[in-house]
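Let us start with two forms of the same protein chain, each given on its own as structure tokens and named structure 1 and structure 2.
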Structure 1
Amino acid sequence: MLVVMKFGGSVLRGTEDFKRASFIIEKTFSEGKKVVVVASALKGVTDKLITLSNHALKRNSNLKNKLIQELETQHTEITERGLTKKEIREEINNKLKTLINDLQKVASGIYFLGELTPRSKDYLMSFGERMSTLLLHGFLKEKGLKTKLFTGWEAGIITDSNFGEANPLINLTKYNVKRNLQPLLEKGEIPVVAGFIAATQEGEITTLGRGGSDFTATLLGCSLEADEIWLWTDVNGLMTADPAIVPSAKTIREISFLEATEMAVLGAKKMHPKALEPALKANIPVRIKNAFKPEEPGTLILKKRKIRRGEIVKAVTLIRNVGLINVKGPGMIGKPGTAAKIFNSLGRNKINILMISQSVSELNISMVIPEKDFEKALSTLQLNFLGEGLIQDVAGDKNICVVAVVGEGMKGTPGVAARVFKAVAQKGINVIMIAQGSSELNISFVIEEKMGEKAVKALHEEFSLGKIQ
């Protein structure tokens, strides 16, 4: 059995976490399984690297140097406290020092040029995973395990040049990964691969987007035809709701790829929205497991699952930090291409639209936008369309949130929407906007922000999600 396991930053924070991760890997390997390991950056390191890039760009020399020193100390303390064999500790610390020196050179280049390109930012961002993977490699060596260290590109992951959110060249990646890692697995070695980072065919370092270490794990699993992919995190798995909102929320034991993807896109924690696609296509089960409670079964994500009788909704999610923009005007009625013009203007300004609704009268189009892009989207639409006769008014509201109900059991089941909106209406909650795709996997609606948690609680109770999943 071949398992690809990824350890996230939430479970790689200090010495004890690395000991715990290496114990889990050793135990899995001792059970006769072949293992490939993927590691994220230490908790908080990615944010520190973003801050570092900003200090370098603004030519804050003291802050730049201080942050690099903090990063070196943060990683070195883990090796000093956790690696007891002198030769291994010195080997890892020497390699770590080389990485820190390289990081200093990159930051200095940004500092002196006064320029931070997407390419140089990806290069700088790669150091978090490269350092954490080096540490995990050292902890495994100390346990006497045969292990080999790889960056994402050394493992074989090749992407296009869309820096910051690169797209893997799947066929080339599959060929390279199998060629590079399969022989090691056959010899009983454990490849340890830096998540999140890859490279173009020209050798330029790229990143797969925030949370991209999950993507790395599924790409490796797909390429090596793994039996399962395990994503180790700090929770027991996907939940029926945010337990901070609904204390009775339960861990979902089984969920389909389609349901899990819906939850990922809707902001469910612990997953990268694109990460599941390679596993879905290769039909490889994915488990989300708790590194602090490895005995827990976690959540198993399958291509197809058996839907129990009476099971309708699987989870309720709440999406905050969004805004609603409404575009209206009688000039829109019967004018082909109006929606395309609106969406193209936002697309040209790199503004993502999360949710769309249009009445059959064609009098208005409503859109939900990430809060960070809200003002930009509002001004873009006002500048491009007001005064031209097509659109009469562009208005926005930031005091909203989106509630989404997810579940394959909703498909073909009459009365689900009626139950959803009756449950929220009974709590005195007004629904501002509604959207549902033809897949019937998800009903999303916009309400006042202050009513978000009340709506989630009402729906969790309505569909009895507090029972064992």
Structure 2
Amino acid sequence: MLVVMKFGGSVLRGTEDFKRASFIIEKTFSEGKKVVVVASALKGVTDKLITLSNHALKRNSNLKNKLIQELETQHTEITERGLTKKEIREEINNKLKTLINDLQKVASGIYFLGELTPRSKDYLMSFGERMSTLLLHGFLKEKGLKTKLFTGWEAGIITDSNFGEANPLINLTKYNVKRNLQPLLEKGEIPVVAGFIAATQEGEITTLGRGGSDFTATLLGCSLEADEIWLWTDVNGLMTADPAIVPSAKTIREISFLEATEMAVLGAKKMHPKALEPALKANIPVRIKNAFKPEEPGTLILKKRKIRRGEIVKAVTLIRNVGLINVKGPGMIGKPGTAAKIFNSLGRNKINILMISQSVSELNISMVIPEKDFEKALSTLQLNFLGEGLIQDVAGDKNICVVAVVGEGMKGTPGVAARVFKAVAQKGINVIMIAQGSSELNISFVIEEKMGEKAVKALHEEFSLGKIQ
């Protein structure tokens, strides 16, 4: 059995975390499984690198140097405390020093040029994962395991040159990864691969953008035809609801890719749907596991799962920090192109729309917008449409939230919407706006912000999500 396992930043903070991770790897390996390891940067390091790039760009030499010093200390503390074998510790420390020197040079380059292109930013960002995998590699060596260190490109991940959000050339990557890593696995070695980073065919470093290291893991998984992909994190898996809102929320044992995608978008876990795609295509199960409680089964994401009887809704989520914009006017009725104009003007201002609804009377178009873009969206629409007769009013409401219920069992099951809205109505909550796509995987609706938690609790109760797991 071949497992690709990825350790996220939330479980790579200090010495203990590296010990824990190497223990998990050793244990899995000793059970007779072949293992490929992917690691994210240490917690907080990616943010520090972004800050570093800004300091360098703004020519703030002191802050730049201080931050590099901080990054060095953060990593060497872990080797000093965790690596007991002198020769291994020195080897890792020397390599770390080389990386820090390179980082220093890149930051100085930005500092002197006063220029931060997406390309140089990717180069800078790559150091986080390069340093963390170096440490993990050292910890595995310490345990006497045979391991080899790879950057994403050394492993064989080749992308286009869309820096910051590069797209892998899938088949080329598959071919390369297979050629580079398979022989090692046959020899019983453990490849340790830096997540998030790759390179173009010319060897320029790129990053995979959102989904980062998860994406690396699924890419390696599908290239090597892995049996499972494990994503180690600091929670038990996907939950039926936010446990901070619903104490009886349960970890979901099994979920389909489609459901997980819906939930990921809804913020159930910071996992980008793009990252799941290679696993979905190759039909490789993905398991989300808690590194602090490895005995817990976690959540298994499958291409197709059995839907048990009566299992309709899988999870309830609450999306806060959003605003509602309502565009109305009798001038919109029967006028082709109105919606296009509205969405076009928002699109041109780079405003994302989370949710859309229009009734058949065409009197209103309602939209939910992320809070950070809310004022901009409101102003843009007012500026572009008020006063010309097509649209009478553009009004905004920030005191709202979105509640979404997700589940494949909803598809083709009559009466789900009735149950959802009845449960909410019984708590005296008014529904402001509703959207459900024809895939029937998700019903989203807007209510007053202060009613959000109440609604989530009511729905969790209505569909007995605290029991069936």
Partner chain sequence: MRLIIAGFGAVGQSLVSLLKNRMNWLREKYGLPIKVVAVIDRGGAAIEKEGLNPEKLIKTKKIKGTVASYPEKGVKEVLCQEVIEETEAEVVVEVTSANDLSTGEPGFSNITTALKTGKNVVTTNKVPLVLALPALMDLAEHNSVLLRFSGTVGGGTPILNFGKECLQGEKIISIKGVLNGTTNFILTEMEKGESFHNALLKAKKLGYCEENPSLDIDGLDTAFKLVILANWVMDKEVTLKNVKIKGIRGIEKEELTENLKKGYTIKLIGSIEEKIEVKPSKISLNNPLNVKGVLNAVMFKSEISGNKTIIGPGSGGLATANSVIRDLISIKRELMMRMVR
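This structure is a prediction, so every number in the text was calculated from the model and none was measured. For numbering, take structure 1's sequence and count from 1. We call the rigid core whatever largest set of C-alpha positions still superposes within 1.5 Å between the two forms.
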query	finding
Index of the chain form predicted in complex with its partner chain, chosen from the pair	2
Core superposition between structure 1 and structure 2, C-alpha change of residue 384 at least 2 Å	yes
Is_shifted residue 162 between structure 1 and structure 2 (CA, 2 Å cut-off, rigid core)	no
Threshold 2 Å Cα movement between structure 1 and structure 2 at residue 334, rigid core reference	yes
Distance the CA of residue 375 travels between structure 1 and structure 2 [rigid core superposed, Å]	4.7
C-alpha positional change at residue 423 between structure 1 and structure 2 - rigid core reference, Å	2.9
